[in-house]
Ligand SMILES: Nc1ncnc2c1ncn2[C@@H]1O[C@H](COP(=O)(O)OP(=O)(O)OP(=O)(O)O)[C@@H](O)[C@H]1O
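Have a look below at one chain only, the form predicted on its own, in structure tokens format.
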Amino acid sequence: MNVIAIANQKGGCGKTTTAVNLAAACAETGRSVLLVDLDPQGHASLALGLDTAMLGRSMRDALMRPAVSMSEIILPVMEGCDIAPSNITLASVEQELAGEPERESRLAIALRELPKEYDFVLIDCAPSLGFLTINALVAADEAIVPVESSSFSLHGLERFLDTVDMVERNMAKQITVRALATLFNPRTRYGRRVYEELTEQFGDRLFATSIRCSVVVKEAAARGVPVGAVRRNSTVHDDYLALAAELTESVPVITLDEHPPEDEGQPGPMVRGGVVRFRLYAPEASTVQVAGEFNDWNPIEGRMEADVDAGLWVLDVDLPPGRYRYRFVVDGAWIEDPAMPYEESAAGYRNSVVEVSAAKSAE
């Protein structure tokens, strides 16, 4: 599970638009997403058709003590995407928790008890660097900073980076920060110049995808739906699908240090009777999935079962003869199969390779 804060203290930069439509795009491509509305204005909740004045439970309840379970707050809004909504009552939480222990970690604590496993948790932050945004950063592995094409937005980015640095020092953690160009008009000289400044400042920490200006965004927000529900062939919908793909490809890669006992041998895919058995030794993992060309790189379709005693994760897949690239997803992090050869993709990621012969002989 990757927890990502979408934050910028400057309003009008496309922050909530990005949170809502990135969540929808991830869900559309087969990922399971929870969108956490951490803005007292409740704009993300409104943008997905909720009446925030009628909420029985909200994120305020999850942050208060005693806390309400997230399972009582989360609402389904579309296939593959749930929301933890908010409204104006969230604004009083900072004052009510003044002096309380672990007040900056309330969101992180709440996210430990989610009712199900999500591929991504996206947090729509308030347009400030206050208590709620600090909570989001403490809970997050990564922060996406939407930056509109203006020098004022670039100036505000420096303050945000200072805040991230402060959280990292105080919480002894590391947060990956990446910028996203929003409201981008590549046809104007000024827009291109600001984009060049962003590229110089962030380098490879700037998403290759940029979100272009589109009137469809306002129409979708007024209807309380993502842009794809209004016009699927719009440029902005294409942009968010591209961003979702880029985000999925850049999930942190880890390497397993553990090795199976000598008598177990090195796990790897086995081919028996027309079935490929994928195996991975990962005794400390909570969830393991396999994603590859055979399931459209969708980890949800490749959930593996644990053999607790052996420390192995196993999944049987029917595959016709052919050559298949794949990767494992261990607790949200993508890795290659340590037992098999790999080849690098055009984006530089290592994909493991398994070949199934027509005879389907064992290994």
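As the structure is a prediction and not an experimental result, all values here were calculated from the model. Throughout, we count residues from 1 along the sequence that is shown.
Not on display, but discussed next: the form predicted in complex with the named molecule.
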Contact residue in the predicted complex, from 114, 285, 78, 183 (heavy atom within 4.5 Å of the named molecule): 183
Residue among 84, 217, 164, 90 with a heavy atom within 4.5 Å of the named molecule in the predicted complex: 217
The named molecule contact in the predicted complex: residue 230, any heavy atom under 4.5 Å: no
Residue contact check: residue 213 to the named molecule in the predicted complex, 4.5 Å heavy atom: yes
Proximity of residue 350 to the named molecule in the predicted complex, heavy atoms at 4.5 Å: no
The named molecule contact in the predicted complex: residue 236, any heavy atom under 4.5 Å: yes
Region of this chain that lies against the named molecule in the predicted complex, out of 51-59, 35-43, 323-331, 292-300 [heavy atom, 4.5 Å]: 35-43
Residues within stretch 1-24 having a non-hydrogen atom within 4.5 Å of the named molecule in the predicted complex: 10, 11, 12, 13, 14, 15, 16, 17
